[in-house]
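Shown below, as structure tokens, is a lone chain in the form predicted on its own; questions about how it binds or moves come after it.
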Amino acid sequence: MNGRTAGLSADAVRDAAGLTRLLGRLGGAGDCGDLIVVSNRAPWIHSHTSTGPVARRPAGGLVTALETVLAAQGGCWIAHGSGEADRITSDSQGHVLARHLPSPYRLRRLWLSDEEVDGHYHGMANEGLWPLCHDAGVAPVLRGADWRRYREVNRRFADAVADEARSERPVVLVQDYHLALVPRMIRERLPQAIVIAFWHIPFPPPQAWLGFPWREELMAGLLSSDLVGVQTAADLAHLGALRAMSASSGRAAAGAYPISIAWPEAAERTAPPAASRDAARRLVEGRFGVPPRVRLLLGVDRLDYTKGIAERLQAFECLLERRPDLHGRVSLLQVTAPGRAGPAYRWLEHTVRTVAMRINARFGDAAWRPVLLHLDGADAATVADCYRACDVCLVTSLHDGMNLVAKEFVAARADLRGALVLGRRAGAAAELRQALAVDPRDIGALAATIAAALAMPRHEQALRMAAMRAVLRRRTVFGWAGRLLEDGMRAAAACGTAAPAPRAVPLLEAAA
């Protein structure tokens, strides 16, 4: 184990080593240059403090997964520089100075104007594509000016890839819906590049795209990749159906590759799990004011209308109405990272605060607050303590590409305790079949499922948790990246832009 894989489990180290060998073989054979990750979000953001700039990792599944891969492998990450101290920690070309980068790879930042951020990110990405792809009751806002900015910013990212490439055939991983046009633009500059696009959020059915005026251009950009990866079989079917309706089918192969986590060494330690759980519980009680001996429900989310936070609170209120015997005996700790700007997000925060206050006023007393609402987020260590301390984790997304919170919770429970309540339309539900599946919009059913989770016997908790942990131990983020890269190489070879991958695997091998 080297410095890049320290802290990972044996399974994760195995997969990381396999990924390193794969890229080493390909690079040694002259089949690719270095690995380049392209995403809107950076893996590190710098802020000012009294002692100087400090780096922090933003919350989010994309960063959690890909930063782990690139930290283990090396290469370059290209992203928008949005932190208040990002410029002073970078050189004149936007490269983060080594003394300010806590990870062993290159980080290249792009400086976007306020107009570019408003049109590309706030406008087309978050007010247009995000609600279009998530069936969560918010209508997309589509403006021609936003699409023009979206196209311009995608061009800037593609130009940065060409600048950072160290050969004519780099392996480029393009991330998510913010950058769907980048594959085609890279192809114009670097025709031999191996381009792999991964769409992290749900890919909606064709009927959702009918009102999107630029769908042909978006699909032409995305399908210029050698391989397009999506999260689930349902997403893959939707992509295929839209492709069949498009004017150009493009060159891309496509497959389902559910993203995962690194499976940390902490999950494999031999220290008594109960001691870890008890220590975490004491820390959480002190940090969030959880009363001793109260059963703990946990939600960990970004403040977003897709996450089902308001519905979760309503279900908890319904549970307390139905079950007076639970008064004073159970609390819901909702740890929520700040959301985006915009009317839908302001209304959501108002709703969440209002419902939480109503529940506490209706049922709480001086000794017990039913809802402990924390809207400032928490660092990874604190969240991990919350996972270990809770009795039930509520991942009740209305619609989600994957949701790594569900997987992180399972990985944290080496004690084989606790229950997971999981929305059926979160991508993680396809793999974590021993979770208690629920439709979060059915408030009564969600309340009943929470009650069942609280009542679950310990032997059943252990059986379910062991089965889910076995799935995640086998399917780490490094295995996800290895499948994407190897299938991407085979797809590129089929298009005549690269030599065949050194090991024969089925084209479009999915993480089944």
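Heads up: residue numbers just count along the shown sequence, starting at 1. Since we're looking at a predicted model, the values are computed, not measured.
The protein also exists as the form predicted in complex with a small molecule; that form is not presented, and the subsequent description refers to it.
- Distance check, residue 473 to the small molecule in the model of the complex, heavy atom within 4.5 Å: Answer no; every heavy atom of residue 473 is more than 4.5 Å from the small molecule in the model of the complex.
- Task: Please check if residue 434 has a heavy atom lying within 4.5 Å of any heavy atom of the small molecule in the model of the complex.
- Result: It does not: once the small molecule is placed as it appears in the model of the complex, residue 434 has no heavy atom within 4.5 Å of it.
- Query: Would residue 105 sit within 4.5 Å of the small molecule in the model of the complex, counting heavy atoms only?
  - Reply: Flag for residue 105 set to no.
- Non-hydrogen atom contact residue 126 with the small molecule in the model of the complex at 4.5 angstroms: Looking in the model of the complex, residue contacts with the small molecule include residue 126, since a heavy atom lies within 4.5 Å.
- Message: Under a 4.5 angstroms heavy atom criterion, identify the one residue in 335, 201, 256, 253 near the small molecule in the model of the complex.
- Response: Checking each option against the small molecule in the model of the complex, the one that comes within 4.5 Å is 201.
- Which residue, 441, 215, 302, 358, has a heavy atom that falls within 4.5 Å of the small molecule in the model of the complex? Contact check passes for 302.
- Task: Sort through 177-185, 309-317, 360-368, 390-398 and report the only stretch with a non-hydrogen atom within 4.5 Å of the small molecule in the model of the complex.
- Result: That would be stretch 177-185.
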